[in-house]
Structures are given as structure tokens and as C-alpha cells.
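A single chain comes next, written as C-alpha cells; it is the form predicted alone.
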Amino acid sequence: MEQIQNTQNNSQLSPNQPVFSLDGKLALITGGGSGIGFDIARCMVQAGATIVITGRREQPLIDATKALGERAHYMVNDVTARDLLDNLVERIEATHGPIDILVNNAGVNMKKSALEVTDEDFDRIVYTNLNSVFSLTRACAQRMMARASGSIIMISSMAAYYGLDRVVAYAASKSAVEGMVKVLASEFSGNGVRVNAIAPGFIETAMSKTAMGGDPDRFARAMRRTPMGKFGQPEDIGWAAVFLASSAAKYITGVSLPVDGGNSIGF
């Protein structure tokens, strides 16, 4: 009983540290130069974190870091170049310090009838959304496990929850990510490294506007099964990521959190 009490006392926050604060934390956010990734970065900066965003194109990263302020940094990187990911993590930690938070946000989608999806199409989506995510997660987790501290957040999807048509490769990749979260949480959490996922519903981004604008039937179906009756905002995902990365979620691991206005339970 005494041992349990000591463990509980050691996990308490300083009285002056807000439970949702990310002060003193370093977060790596892939695909952080635009879209949901940018808003995850923005929310984490507002919560006190220093962030490093990555992406393939430098100019969007430059623009994003200027908008995010002095605690935002970037490195150009393609997550599909898996042989370079260990080096990426080494460079970030040598320059900015230990990575406390990893957000695997970068990913690709493709809307095409399953019968028209080629093997090359399928392999490309799965390679980016699953294989590359595992490689970067492993590189970060090796260091986090040695420090007995860390938070890893995957970005899942409603496509892993139910059968969205015309996204077979994307759904397969995100369903696999959901399984990976459970296994990694089981392996890592006893050593202080938590692993969770966020499953965005229909979020208002430039990409979703384009997709839904050309498919009014899909938009109507999405809204019919969303009890809140509206699209979410990118910052809704950002603040969920802040929560999962913070001490407020210190006893949460292995979960997939829908941020979807009730879409995953709507009828």
C-alpha cells in the first residue's frame, strides 16, 4: 500500500503548473505546415510547447513557422523516406532537445472505386499512412523509452470506424493504425510512454471543402449522421491533441478519441 501511495505522489503536478500545460515540452508534428497539422501545432504552441513541424515543401513550413511564432521550428522531410527518419529524430534532438510528443499527422488519401484502385495506388497509401508512421514512431519511441517519458499521438479517421465508400486503401491504412495504437500502448505504457489516436470526423478544411463541394450526396449523408449537424474546425483536433499530450491525460493510453460531433455514433 505504501508503494502505491508513493507512486501516486510522484505523479502529482507542481501546484503552479496547469494540468493542461505543455510548458517545457518539445513536440514533433509531421505535416504541420497546413491543414489540421498546422492547427495542432498552433494549439500546442498556445499551450506552451516548443514545436518542430515537418513536410516535403519548404515554403509552407517557412510561412507556418512565421505565423506560429518564436517557439516554432521546421525541418524539411518526406516521411516516406524511411531510411532518413532516424537521422531526422537525431537532428531534432541535437538541435532542440528531447522530443516529448510525437504527432503522426502526415498522410495521404485517394477517393476511387475499389475496383479501380491499382496495386500501386494501394501500396502508396498504405506505405505513407502506416509503414512510414511506424518507422518514425519507432525512432522516437526508442528515445522516449530510454527516458521513460513520452506521448505519441496518431491521426486516425472515421474511415477506420465504418465503411466509407471509395477510400478502401485509406480505410485499410487507418484501421491498421488503430490496431498499432493498441499494441504499442501495451508495449510502451509500462515504461511511461503513452500511445493514443484521434479520429477526426468531418472537419472544415480546404481539402474537405473541395471534396464535399463536388459530392453533395456525400455531404448530405455526413450531416445526417452527425448529431451536432455541422463540420468541426481544425482547432477541435488541435485541442484534443493538447489534452492527450498533457498531464491531464496521464492515465489515458491505447484509446482512439473521436472528435466528430457525434458522427461515429449517429444514426
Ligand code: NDP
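Owing to the predicted nature of the structure, the values given are computational and were not obtained by experimental measurement. Throughout, we count residues from 1 along the sequence that is shown.
Here the subject shifts to the form predicted together with this ligand, a form of this protein not shown in this document.
With the partner omitted from this view, the residue of 34, 65, 50, 226 that lies near this ligand in the predicted bound form is 34 [heavy atom within 4.5 Å]. Proximity to this ligand in the predicted bound form, defined as a heavy atom within 4.5 Å, singles out one entry of 106, 177, 195, 101, which is 106.
The shortest heavy atom separation between residue 56 and this ligand in the predicted bound form is within 4.5 Å.
Mapping the unseen interface onto this chain, residue 238 falls outside it, with no heavy atom inside 4.5 Å of this ligand in the predicted bound form. With a 4.5 Å cutoff on heavy atoms, residue 202 counts as touching this ligand in the predicted bound form. Among heavy atoms of residue 155, some come within 4.5 Å of this ligand in the predicted bound form. Taken together, the three residues 128, 170 and 208 all come within 4.5 Å of this ligand in the predicted bound form, as judged by their closest heavy atom. Of the candidate stretches 179-187, 92-100, 106-114, 139-147, only 106-114 has residues whose heavy atoms lie within 4.5 Å of this ligand in the predicted bound form.
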